Each structure stands twice: as C-alpha cells, then as structure tokens.
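First structure 1, then structure 2: two forms of the same chain, each alone, as structure tokens.
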Structure 1
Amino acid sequence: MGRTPRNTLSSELIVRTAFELMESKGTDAFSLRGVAAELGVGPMALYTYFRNKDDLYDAVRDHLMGLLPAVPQDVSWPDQVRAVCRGLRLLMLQHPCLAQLLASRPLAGHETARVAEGLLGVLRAAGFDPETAARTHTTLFTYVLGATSWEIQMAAERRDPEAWRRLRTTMESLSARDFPTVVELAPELSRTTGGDEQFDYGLDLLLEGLRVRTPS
C-alpha cells in the first residue's frame, strides 16, 4: 500500500488494515510497526487512535464479533444456544485470527459482551438460576473456542505435507502393546479432528447435560 493521503487516516482504516495483516500473517507476526508500514505512515501516527497493540487487538476482535448475527427469537432455547455456538465457530473458521484474539484477550471488548449478553439472556429466559447460567455460558464459550482452535490447527497441518507426514509417522509408530486402544481406534480418531458432525456431537453432549438441569 502507498502512503495514506493526508487527513484520511482513521480508526476504521487502521482496524481494517490490521485485520488484513492478521488474516495474512497471523497475530503472532502482527505489529503496530507493520500496520504503519502498510499504511505508509509513521508508527506514532497510530497512537492518535490506539494507545497500544492490545487496544488495536480489541478493536479488530470487536469488528469481527460484530459480524455475528443476533440470537434467533422464534426457536426453542436449545436451538438458540446451538445458533450462537455454531455462529461463533463458523466465524472463527472463516477468520482464524479471531480464535487467537479470543484466546489471548477473552474478556475485553463491547462486542464480546454483546454476544455474552445474548447467550446469558437465553439461559435466564429458559429459567436457569444466575449461577447455572453463568457457568453454562463459560462452559459453552470455552468448548467452542477450544474445539474450533483445535479444528483450525488440524486443518493447517493437513494443508502442510510435512506436518501431515510427521503426524502419520507418529501414529504409525505407536506400539499396539503399549497403546492398544489408541491403535485400535486410530481410524475412528482420525474422523474426529473437526467438521460439523464432530462439533455438533460435543455440543449435543453439553446440551443433553444442561437439559437435566432445566427448571420444571
């Protein structure tokens, strides 16, 4: 990108540029200096809009979380929970940097609070007491984040021939004497590294346990 024209730098432009860099290089390689270079401005120009890198991280995360649709209102509470969880997973699969941002700063940002408000509201409307609603929200959030982060990493390894070769070599080297069950179930385990079916399987287990606690 060439030098940004005078008086056209804005927080929106900085966030969009930061997001594009995170998408292409990942959050680990992200820096304010890199954003400034992409915009063709000095690094100090960014501090007019953001106090530090964490501030910009939060702004990018809020931008992405703002893309989540609202909780559907015309379905049962389990289907509302499914919609929220599936929507968050899909957004992370589309934008893997979001998984990294949520893992590093999970409680920051207004949009994260908006999503929490929607899910907590569903649980309270279903009749769950405050503690159960809070614990359920945290359990569901960490399930979605953990399962989707695992799925993203496994997909990256499948795209990397060398990483995939190392994984296959490791699995094939396992002794049936030392790891009889792992070796026996290797074909089944290979089908659980991601995908809609595996995600919904775990989500359904959580929802089945939650139904037991549903107020009569």
Structure 2
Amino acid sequence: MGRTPRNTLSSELIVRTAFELMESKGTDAFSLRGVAAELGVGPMALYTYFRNKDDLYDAVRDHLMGLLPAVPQDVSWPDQVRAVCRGLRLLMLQHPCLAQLLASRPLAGHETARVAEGLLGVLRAAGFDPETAARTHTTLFTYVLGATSWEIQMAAERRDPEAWRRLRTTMESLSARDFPTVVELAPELSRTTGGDEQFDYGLDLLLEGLRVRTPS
C-alpha cells in the first residue's frame, strides 16, 4: 500500500514551500510544522533534508539571493554600484522575509557568493586595491541591509493602526523644551523614513566619499 510514498520531497520543493509560506503568512508565523503540513507530511520528514530550522533558513536565503539580476555592464562603475545596491533593496522590499533572513545569519552559499562576486568585480575593475574593495563591499552591503531593514520595519509599523497610534502619541508627548529639534523636525523625520529618495541620499553620500578615493 502506498501509505508512505518515497521521494515525494526534495530540498528544492521544501525551500520553495517554506519561501511561499514566509511570504504569505509572514516570517514570524513561519514554522517547520506549517511547512510540513503544507506538504502533507509529518514535521520530522524535513529533517531528512535539513539539519534544523536555521539550515532551512539558510537555504531560503540563498534561494532568494539567486533572484538578484546580474550587474549591468554598459554603464560607469558608480552606476553599476548603484544598480547592485538598488537591486538588493528592491528584492528586500518585494520579499520582506529576506530582511530577517539576512539580519540573523551570515553570508553563505553560492548565490550569495555570486552577488559578492559581482560587486567586488566592479570595484576591482574600477581600480580599487584589494583591501579598499573589500572594505567598500562590506560598507555598501551593510548600509543597504540596515537602511532597508529599517524601512521595512517602519512600513510595517505604519500598517498596524494600533502600533502607529501609540508611536504618534509618544512622539507628541515629547516636550518641546527637552527635545526642541526632534519636535521641530517631526514632519521631516516621518517623511524621510524610507522611500527611494531617502535610500538614494545615503547611497549618494557613500558614492561621493568613494569618488574622492577613486584611483586616478
């Protein structure tokens, strides 16, 4: 009897299902049991393919990094850098779970290496020495990570009416005597939280600083 059919699972299938569940239910609601149920399988079946939950997280993260487009080759190197950083941000915005996956685990996996290869190649081709290229790569990557994670958090907060109301009231409870600048700039602060312009502003600051260091 076909009670326990074999080879109904595979790493790819599990990763795809896990990814879809993260997207639909949210990263917090994600669970191994949820994935197993979706696949019509016991929770322990997943442990044939992944050693634990973090292992599955790593696989999903690498799968997502594989969706990043290649570096455009027909533009200047600053525009190449811009393209890579904007691409990563866009991917994180489209798939908010990626932010959490990147924040809690280090880089590992072939697709992640492919992304690093692209950015490092651009910097080396621009003439930067190995150390500067590596430093710049880390800086750009962590900036994109921090800025976009923040953007996603704030957007989520804005969608939750209860949390948003509480944030506003705490803001308004600040006395203008103790926090003159925060109170004065409140509209600007809430306007500059996220958005393309905010992201590009920080990115341009970094590129400006990089331009000064450009080798001849």
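Residue positions are counted from 1 along structure 1's sequence. All values reported here derive from a predicted model rather than from experimental measurement. Between two forms, the rigid core is defined as the largest C-alpha subset superposing within 1.5 Å.
- Comparing the two isolated copies of the chain, the second one is the form predicted together with a further copy of the same chain.
- The Cα shift for Gln198 between structures 1 and 2, taken after rigid core superposition, is smaller than 2 angstroms.
- The Cα position of Glu172 differs by less than 2 Å between structures 1 and 2 after fitting on the rigid core.
- Relative displacement of the Ser31 Cα between structures 1 and 2 on rigid core alignment is 3.0 Å.
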